[in-house]
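Before any questions on binding or motion, here is one chain by itself as structure tokens, the form predicted alone.
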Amino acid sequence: MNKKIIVIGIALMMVGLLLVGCGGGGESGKQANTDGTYNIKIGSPLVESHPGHKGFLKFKELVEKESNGKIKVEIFPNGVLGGDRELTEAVQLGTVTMTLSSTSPVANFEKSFYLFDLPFLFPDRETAYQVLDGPLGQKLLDNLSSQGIKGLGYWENGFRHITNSKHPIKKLEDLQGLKLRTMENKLHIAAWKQLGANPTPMAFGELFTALQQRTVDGQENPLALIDSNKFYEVQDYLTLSGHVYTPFVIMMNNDFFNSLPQDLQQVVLDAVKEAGEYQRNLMKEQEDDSLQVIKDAGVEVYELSKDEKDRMIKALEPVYDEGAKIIGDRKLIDQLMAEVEKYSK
């Protein structure tokens, strides 16, 4: 009898240890260190010259100061821990505490983020800020909790523009058959197909080589990314289309955030907001500089005319219907459109 009790006791102990190990979610399961401090491990897909990385440096400075050293921050840039999708998964698991991603890859985890992939949605960045920092933007961040992620806020990624190595894109017909790298995002793929291009989903880390080897003809990204990743070295033409505005989503492992005392949670939230304002200003300042770098490299630059932009918008109307199907909530799109109209007046 005693032996049975001992065996059962050991078995229960082993199950308990297993549950503790599984429930911790990787590094987030460690939570506080023995001295009561906390470590935030940030994985970033961005190079160190990008304003997004500088935003993380500002976040580190603010958090370590305002927490009186109770929180230590370590940043791993240049995609050394993975791209957007891999880092988002790592934050889910807790092997990385915090990351930043374009909204487009995040939509693969929480479909309501497809809202921000609707083409030609925001007329300017100020309207985008109002929507993102308002109730609708917060609602989408809160939706991430079901994925084990704490949505902390939005930083600036920017309006996306088209580069290619084939010919200038001045009108809708110039997109026909163009093999264009796009993100692994249903709405982006649907939009480029609707415009007659040949969208090719590909990880961002593979893009420079693909452009260099002409595996794809072109790509589309904000100017800061085109500049910081030197795509101008392997592309001949840039069209300022501004077809999609993509913010960065700042994300943290949900278990880790909840493990922080309330005062330190507020330190993190305040630091994300302040660093975000700093980062957004940096992006605005760098945009003109990035455009000049691209021009100086010999890339031919064109601006899409209003008439051609209107033609593209008209051609892309079915993509909004596709978005409603994917998101599963037409009312959410209507709410977003109403907010855009309200703030853009």
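The model shown is predicted, which means the values in this text are computed figures rather than measured ones. Numbers for residues come from their place in the sequence shown, where the first is 1.
The following text describes the form predicted together with a small molecule, which does not appear among the structures shown.
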From 253, 102, 88, 164: within 4.5 Å of the small molecule in the predicted complex by heavy atoms is 102
From 204, 129, 192, 109: within 4.5 Å of the small molecule in the predicted complex by heavy atoms is 204
Exercise. So in the predicted complex, does residue 183 come within 4.5 Å of the small molecule, heavy atom to heavy atom?
Worked result: yes
query: Does the small molecule get within 4.5 angstroms of any non-hydrogen atom of residue 239 in the predicted complex?
result: no
**Request:** Classify residue 248 as contacting or not contacting the small molecule in the predicted complex by the rule of any non-hydrogen atom within 4.5 angstroms, answering yes or no.
**Result:** yes
Can residue 160 be called a contact residue for the small molecule in the predicted complex at 4.5 Å between heavy atoms? yes
Testing 175 to 183, 140 to 148, 89 to 97, 111 to 119 against the small molecule in the predicted complex with a 4.5 Å heavy atom criterion leaves exactly one stretch, namely 175 to 183
